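Just the one chain here, the form predicted on its own, laid out as structure tokens.
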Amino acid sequence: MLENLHKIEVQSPVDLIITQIRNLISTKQVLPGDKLPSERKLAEHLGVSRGNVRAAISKLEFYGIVKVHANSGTRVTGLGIPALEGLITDILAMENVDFGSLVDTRILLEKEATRLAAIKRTDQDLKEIKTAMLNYENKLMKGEQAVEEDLLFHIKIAEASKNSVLKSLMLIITPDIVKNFINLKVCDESNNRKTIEEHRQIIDMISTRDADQAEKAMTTHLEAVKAFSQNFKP
């Protein structure tokens, strides 16, 4: 009998807020440029804390869905709508083979993004990649999870590739892979040191514009992701 029962997934208030805003955007009830209600009004209307609303807005801004302006509130940008679809897609409900294919696709995209970044990156791109890396390292050194910082490091490399389609595809498929990989693996000190060293090696190769070695460094870095997908049990 138990095999016919499905595990119940309880969504957090933050996820539910994001889902509702996504629905407003998808049904065109909210358009790019439109202003969202204030945190206080959203919290009161939804019956949640302002902290939950703030966390949801922060995540939406991270993925480029909204932009928070200090003096004029939060407005929908529409730029990251594909990322929003990827963010809340129930990837974990996929069969093992599908999840593995998803990871394989991510690896292909990341390798090409890194190769192109080494060729096309600007000094500003390199600065932003390094900043993302340092933010990731600082979070790890505090003993905190750095899921979004790790994702942003990879997205900054994709931006440096100057291929907007490649970046959009990565935004769609990568967030849930990164989140679950980091949340479920054993993040001990040795793993953290290894990841940091791999990030630095990637940056070194992008900095010297060595496309082949940059791609090779990213391939090495993603070996753990590949191994994770092979052992993944939804």
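Basically, rigid core = biggest C-alpha set you can superpose within 1.5 Å across the two forms. Keep in mind that what you see is a predicted model, and the values were worked out from it rather than measured. One rule holds for the numbers: they count along the sequence shown, beginning at 1.
Below: the form predicted in complex with the DNA, not depicted.
Novice: Could you tell me which one of Ser101, Gln124, Asn138, Ser72 places a heavy atom within 4.5 Å of the DNA in the predicted complex?
Specialist: When the DNA is considered in the predicted complex, the option within 4.5 Å is Ser72.
Novice: Give a yes or no for Glu39: in the predicted complex, does one of its heavy atoms lie within 4.5 Å of a heavy atom belonging to the DNA?
Specialist: Yes - in the predicted complex, heavy atoms of Glu39 and the DNA come within 4.5 Å of each other.
Novice: Quick check on Asn52: any heavy atom within 4.5 Å of the DNA in the predicted complex?
Specialist: Because a heavy atom of Asn52 falls inside 4.5 Å of the DNA in the predicted complex, the answer is yes.
Novice: Even though the DNA is not shown here, does Val30 get within 4.5 Å of it in the predicted complex, heavy atoms only?
Specialist: Contact with the DNA, no.
Novice: Can you tell me whether Ile173 touches the DNA? I mean in the predicted complex, with a 4.5 angstroms heavy atom cut-off.
Specialist: Heavy-atom contact with the DNA at 4.5 Å: absent for Ile173.
Novice: Work out which of the listed stretches, 192-200, 52-60, 161-169, 205-213, brings a heavy atom within 4.5 angstroms of the DNA in the predicted complex.
Specialist: Partner-contacting stretch among the options: 52-60.
Novice: For Thr208, decide whether the Cα shift between the shown form and the other one is 2 Å or greater, given a superposition on the rigid core.
Specialist: No.
Novice: Cα of Glu39 displaced 2 Å or more between the shown form and the other one, core superposed?
Specialist: Yes, shifts by 2 Å or more.
Novice: So with the core overlaid, does the Cα of Val165 end up 2 Å or more away between the shown form and the other one?
Specialist: Moves: no, less than 2 Å.
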